[in-house]
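Here's a solo chain for you in structure tokens, the form predicted alone.
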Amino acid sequence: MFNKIKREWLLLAAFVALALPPLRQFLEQSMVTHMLVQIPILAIIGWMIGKSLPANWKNKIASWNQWGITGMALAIVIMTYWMLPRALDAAISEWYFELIKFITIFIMGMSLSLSWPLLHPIAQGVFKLEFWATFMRLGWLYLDLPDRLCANYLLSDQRILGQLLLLGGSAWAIAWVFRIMFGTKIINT
């Protein structure tokens, strides 16, 4: 019990640290760290808090989130919105969009943790494939477009992000191939 409470306080401290200006501004000064560090960490914190919710809360949510469909739909809507370059610009320019970003991405992580185990394995595979395809599409888009998509970031930042998204998507695909062909689990996807 004490370890669980301690972990929740550590997660809350990490969330607050990400929200405070020094770390927040450091992570948001680059498109790469904004999209590949800050946003995933916020989602992971939400995921971990969702996992540690009391069983009676999970039971109350379960009737609303039958088979995990509602929670996954919510997570997809939030994820899709924060992939828009205009949304990233607004989060940097306007404090209330920043606040909305922190809240919604946290909620996205919680909804993923509560919904993912309820999904049928085939649905999980479809979502994994779509997440991978999104990585590849965005990577190609950010790398290939000659114009900046985000007003607050340089074109070089956009291209580096595109390369990293393509690299991450390729590594994910290779891990899947190894798992399918050889039964080797390189990463837990």
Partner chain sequence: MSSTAVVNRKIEYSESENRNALIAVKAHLILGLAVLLLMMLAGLTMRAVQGTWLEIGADLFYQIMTVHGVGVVGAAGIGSTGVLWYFLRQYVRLSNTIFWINFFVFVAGVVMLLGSIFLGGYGGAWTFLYPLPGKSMGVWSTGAAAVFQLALLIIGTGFLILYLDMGRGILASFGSLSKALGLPQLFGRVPVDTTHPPTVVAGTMVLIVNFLGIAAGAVVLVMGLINLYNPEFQPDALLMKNLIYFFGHVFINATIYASVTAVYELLPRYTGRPWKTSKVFYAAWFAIVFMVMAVYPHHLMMDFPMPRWALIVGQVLSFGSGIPVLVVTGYGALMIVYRSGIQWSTTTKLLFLSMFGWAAGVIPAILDAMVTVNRVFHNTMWVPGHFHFYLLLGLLPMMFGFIYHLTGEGRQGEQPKAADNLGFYAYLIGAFLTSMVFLASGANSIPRRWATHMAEWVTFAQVGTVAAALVVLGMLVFTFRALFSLPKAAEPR
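These numbers were taken from a predicted model, which means no experiment stands behind them. Positions refer to the first chain, counted from 1.
Below, we turn to the form predicted in complex with its partner chain, even though it does not appear here.
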Exercise. Quick check: do V126, W132 and F182 each get a heavy atom within 4.5 Å of its partner chain in the predicted complex?
Worked result: yes
For this session: Considering its partner chain in the predicted complex, find the one stretch among 156-164, 133-141, 22-30, 39-47 with heavy atoms no farther than 4.5 Å from it.
Result: 133-141
Exercise. Any of the heavy atoms of A55 lying within 4.5 Å of its partner chain in the predicted complex?
Worked result: no
